[in-house]
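Presented below, as structure tokens, is a lone chain in the form predicted on its own.
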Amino acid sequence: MSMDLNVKAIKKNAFRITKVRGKTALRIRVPGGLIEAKHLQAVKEIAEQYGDGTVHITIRQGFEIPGIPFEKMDEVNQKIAQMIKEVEIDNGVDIDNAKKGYPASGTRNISACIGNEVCPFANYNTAKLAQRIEREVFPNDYHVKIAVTGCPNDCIKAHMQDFGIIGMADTQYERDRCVSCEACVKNCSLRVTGALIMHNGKVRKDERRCVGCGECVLTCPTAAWSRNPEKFYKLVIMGRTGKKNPRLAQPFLEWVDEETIIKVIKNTYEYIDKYIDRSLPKEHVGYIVDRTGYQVFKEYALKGVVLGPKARVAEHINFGGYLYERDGFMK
């Protein structure tokens, strides 16, 4: 069967152009990696009725259903409409008509570790924050990757994203509860950054070395350490895979609140709109930062942002990574 295909429209509708002639694949968003189990039935039905019977769980925690004939895209969109309504629209995402499927696919599914609803190490509800970010940035055609993780263990690999949001615990120490057992000090030395030391029989914390993991709270047998209920975050930026210059994200902000995270991300979309190379089919934001320089990005990102007293901002960032030199492997 021959068809006139509008490739740009197909991709925008969250369908992939595949190597199999006449077949596409649907990409389903799962913000924060958390959905009700009932939605798996729709995924199953689409895969079996329209696809090849398989489902790929993507690295970004969404679903991809391959083997769908192009001429069945409208039917598939009808089939996925209820899930789009309940997962996206009912959670405040601005989508006009769920029966037409997804209106954009540029900004990738926002991924999250399991968070503090389950994990004792996590410092916040990651799925809830991911879903809030989804409301703020989707739908959008700009290619941006965002991940949220509950603690510096970084189980979601936030350091490989354009924006990685890491939960930080502002730990509080009560000297009178401390019995000088050194459990927290030993754990911090062996497993974290060595930010805790014993001094005159009590624990002293080096704020410069503390990454806010909160493990001192978990290891203390007398509850001398506790978490400040106020939530704080680290924002690491411009990590990426890919061919040109793979690299880990670097710290941009530390000890900032949720409102700051949201504002910085939204400001960055304005920055992208101004500086993106429109001659390319798409451009990752990290390459735009490389081109304009970090200081220009920082000025845009912090517009209108009111930083709290604990907040820290990177003055300079050396993103590093590795580059391919022409003679890199020549003898």
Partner chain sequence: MGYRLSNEKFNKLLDGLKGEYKIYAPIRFPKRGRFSDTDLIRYGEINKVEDVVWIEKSNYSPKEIVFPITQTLFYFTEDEFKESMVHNKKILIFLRPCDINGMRRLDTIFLNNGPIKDVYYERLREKVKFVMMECKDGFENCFCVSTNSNYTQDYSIAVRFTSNEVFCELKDESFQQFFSNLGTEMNFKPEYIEENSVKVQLPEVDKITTEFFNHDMWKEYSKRCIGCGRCNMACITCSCFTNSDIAYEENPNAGERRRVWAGCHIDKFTDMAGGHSFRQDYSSRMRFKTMHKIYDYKKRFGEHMCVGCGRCDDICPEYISFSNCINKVSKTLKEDESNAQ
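Quantities reported herein were computed from a predicted structural model and do not represent experimental measurements. Residue numbers count along the first chain shown, from 1.
Note that the form predicted together with its partner chain isn't included here; everything after this is about it.
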Worksheet, complete the sentence: TL;DR on 198 to 206, 153 to 161, 137 to 145, 243 to 251: the one with heavy atoms within 4.5 Å of its partner chain in the model of the complex is 198 to 206
Worksheet entry | One residue of 194, 106, 120, 92 in contact with its partner chain, assessed in the model of the complex (non-hydrogen atom, 4.5 angstroms) | 120
Discussion item. Quick check on this chain: which one of 77, 116, 131, 260 has a heavy atom within 4.5 Å of its partner chain in the model of the complex?
Written reply: 116
Worksheet entry | residue 176 within 4.5 Å of its partner chain in the model of the complex, heavy atoms | yes
Worksheet item: Looking at the partner-bound form in the model of the complex, is residue 217 within 4.5 Å of its partner chain by any heavy atom?
Response: yes
Worksheet item: residue 172 near its partner chain in the model of the complex, any heavy atom under 4.5 Å?
Response: yes
Discussion item. Since only the chain is shown here, I'm wondering whether residue 232 would be in contact with its partner chain in the model of the complex (any heavy atom pair within 4.5 Å).
Written reply: no
Discussion item. Would all three of 182, 221 and 226 be in contact with its partner chain in the model of the complex, where contact means some heavy atom lies within 4.5 Å?
Written reply: yes
